[in-house]
Each structure stands twice: as C-alpha cells, then as structure tokens.
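One chain is shown next in structure tokens, namely the form predicted on its own.
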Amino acid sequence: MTNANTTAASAARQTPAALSFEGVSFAYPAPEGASDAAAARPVLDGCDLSVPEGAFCLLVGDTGSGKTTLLRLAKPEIAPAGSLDGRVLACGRDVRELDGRASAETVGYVFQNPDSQIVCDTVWHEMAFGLENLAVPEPQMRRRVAEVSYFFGMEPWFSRPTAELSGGQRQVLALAATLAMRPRVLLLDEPTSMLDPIAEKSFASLLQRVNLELGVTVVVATHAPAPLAPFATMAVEVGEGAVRPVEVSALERRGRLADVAREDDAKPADGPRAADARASVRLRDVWWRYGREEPWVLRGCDLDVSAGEVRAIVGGNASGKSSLLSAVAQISRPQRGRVEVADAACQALLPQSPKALLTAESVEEELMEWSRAVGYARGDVLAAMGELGLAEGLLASHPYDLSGGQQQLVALAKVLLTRPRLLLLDEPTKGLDDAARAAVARAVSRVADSGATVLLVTHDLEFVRVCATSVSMIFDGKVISTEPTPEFFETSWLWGVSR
C-alpha cells in the first residue's frame, strides 16, 4: 500500500473523524525529588491527530515514546493521572464529558496483557460482565454475547474457565468482551505481543474483519507492525512528544530484531557457550495439569539442558511452554515425574507479567530491593539500567507510571542484578522495540558468557536466532525436538532462513 497515507489523508477530508487529538499535551506528575526540568518535560507536546471513521490506524514508536499514554487519554476510565492540555474527541464528543455508558459504547480498549482485563472465572461470564455493568436487559445481553461469540468462533470454548485458556484465546476473549458493548472506536495496546507467530496472524485477520465487516474504527499501538501493515489504512509515529504520519509500506519490516544485536557482542548461535557435561536442568516424564479433572498440559515431558547453554523453548500458545518453565522454577509441582535443577539455589525467574516483580514505590527502590541480600550497590543498578537502555532519570518514577516496555526492562534488570547461575525468562522481549530487544539479547549473551545457563520461553523467533544456542520445540505437552539453533531454522518449514 504505497499510497495508503495519501489515500487516508484524502479520505480524512471527506470522512468525519472517529478520534481526534487537538493540541494535546500531557505530563505525568513529577516524582518526589525530581528536578523542575524533569517535572516540566511532557510525554506529549501539542499533538494533533485525526483518525477518520472506518480507518485502521497503526501507532508506532520506541519503548516509552508515549503510544500507550496517547491511547489511554481517549478512554476516561483508564486515563493516566497528570496534566492534560488540549482536547481528545471521540466521534465528535470530548471524552471527558462521556458518562460510563457513552464511553463504553463509543470507545473500547483492549490491554496489552489480557490478564489485566479479564476478571471473571468463565468465558461466558466475562462476555456478559461489561453488559451487566451497563444494565443491558437480559434478552439483549444474550443476543450480543451470542453474536460476538459466533463472529469469533468461540462456541467450542464458550463454557470453559478463563484460567485454562491459551494466550491466544485470552486475547480473543478480551477483544470479544470489549466488542460486545458495540463501541464505534476500538483501541488496542500491543495486542499481539503475547501471541505465537501463527496466532498473531490469525488475530490480525480478526481485527481486519472487525474493521471491514463491523465498521469499527481500529487504532493499534504496536512495536511489531509488520503483521498488521497489510490491513492498515494509515500509520502514525509517536516520539519526542510529537506525532507524525508515516508510510504504511515503511512498516512492513518494523519489529524485526535490529542488526545491532549481531554487530555488537550478542553473537549468533553456533553451539553452546561454555557448555559442559554437567546437567543444569533435567525433566523426566513430567505430567502437570491445573486440576484433577482438567486435561494434561504437560504429558510425559522430558528435557535436558547443559550448564552454559542458552536454550529457547518454542511452540504455539497453550502448548505448555510457560508450564514447563514454572516446573523448572519449582513454582508448580508436577503430579507425576521428576524435576532436577542443579542451580536451584541460585536461579532467577522473569515472569510473563513484569508487574509480578514490581512492588516498590520507585524504580530505584525496586532495583535496590535485593541489594543487601545479594551484595550489589547503586552503581551496579545504574550499570544494569544503562545496559538495557533505561535512563537514569527513571529512578524516581513509580514503576506503574512507566510504559509496558519500560516495566519489562526494569523487571529484567532486577532479575539480572541477582547474578543468577540459572536464568529463566518467560517472553523477555514482550512489548519491546527493536533497540530494546537487541539490548536484551546482548544482556542474555553476557549472562551466558559468564558461564550461567539460560532457559527462555518466547514467541520471538528472531530473538531466538540471535542469542539462543539451541532450540527445543514443545507440542502437545511434550518436547518433541531439540536442535542447535542454526539447524532448527535451516530445517524449519515455518521459520526457515528464507522466511
């Protein structure tokens, strides 16, 4: 779509705006102890943006650039606290004047992590929850839930517990529950960051159907626009407080790991770094499930990881990757089988949700929390932040005031400061831009070069190419193959070197 932005600009002159930002400036409250200059620096500064009705708009930009802030300002219930100048209009109305019902029926919002949005224990109840809060009459409620479920093909898992859904199903559920309220504008924050490559393409196609068949205006903030670019009618880059249009065609390769990861000291995989004969992790005939009557998630799973390896575990959503990592971390105890971890006393886990690690009132307190027990100083904290591209100015910020990508990096820095001999990572590049992903790859390589073992679960296959020494694929609850990284990609039909 080389002329997509020109076409969109022409359409915008004829089509009413579904979403408008008029001279919008926004600054978060100054952290305690911050300088006046830092306090005065806005995240957004005089931004103007008009998204026409029926558009499919992509918002791109670096980690911490303000994409999520821009989206949340259009949804008053989740708008960030801070100083706002200018106006945000949805379908011609100032969003600050919308009551709860009008807001729900005008603007829908899907979070990056569906677990931040899903509050009910069953799929059907989650679908009805928002409608119940809006006091929609029961016959209408049943009709809306049935129609949306039919549209997304959810009938086979309509009655299942939400805790048992795969990541892809949870993301579809969050989208479906939002659309049951029939909003005219749909905002999504990094909606594919927790999906495997196949589920990512499927979800992108669902958004296209929502846009074209239901006539909903779609605005997506993303670090990985390539899968969505074929469906987009316009694109905007957020950065340095401003927004500017970009060509959709220029986004087709965005979200691919920067070459800097290979040019610096994150080396391409060519066999285990300093691996030795000592086993770091060993699983034998491991079976695990949520409950006695539930289906098995891991079924007879075997795994061997040698000390010094960087082993990547790949596979589709709901294949058992995170469950395997939880078993290694001894968070969940298998119902059958044996788990042996040589470095269990010196291991660290980065969970899929970084907020599970973020409990302090500032980034500095967060990163210094384990300093006395582990034995590191403030200088080590600054070095860890610099390694991951986190500005020193963030130290005074509350972790929850950071972007999702910055939270991910802070949580990783906290884990790395423990100097683990076994590092366990669950989706470490989730919600990160190319430069941040490259920084994480370099950090993982340095951990491995120190002789530690790294076991990571990820959907980011380009990250695997750069920093993993070997790859295990899990399917149907079992590890079905383990190969050196180059061999894995050379022989893969889906992820081969030409793709």
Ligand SMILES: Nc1ncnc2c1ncn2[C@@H]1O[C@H](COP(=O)(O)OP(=O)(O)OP(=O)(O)O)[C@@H](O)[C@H]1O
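In case it trips you up, residue 1 is the first one in the sequence shown, and so on. These numbers were taken from a predicted model, which means no experiment stands behind them.
Only in words, not in the display: the form predicted in complex with this ligand, which the text now covers.
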ask   = Picking from 47 to 55, 467 to 475, 65 to 73, 444 to 452, which part of the chain touches this ligand in the predicted bound form when contact means heavy atoms within 4.5 Å?
value = 65 to 73
key: Partner-contacting position among Ser323, Gln406, Thr233, Ser103 - heavy atom within 4.5 Å of this ligand in the predicted bound form   = Gln406
remark   = With the partner omitted here, the residue among Val381, Leu402, Met181, Ala327 that in the predicted bound form has a heavy atom within 4.5 Å of this ligand is Leu402
query = Should His223 be classed as touching this ligand in the predicted bound form when contacts are defined as heavy atoms within 4.5 Å?
reply = yes
inquiry  = Can you work out whether Ala438 and this ligand are in contact in the predicted bound form, taking contact to mean some heavy atom pair no more than 4.5 Å apart?
reply    = no
query = Does Val297 reach this ligand in the predicted bound form, with heavy atoms at most 4.5 Å apart?
reply = no
ask   = Do Leu394 and this ligand share at least one heavy atom pair within 4.5 Å in the predicted bound form?
value = yes
request  = For the stretch 425 to 463, return the residues whose heavy atoms include at least one within 4.5 Å of this ligand in the predicted bound form, in the order they occur.
outcome  = Gly431
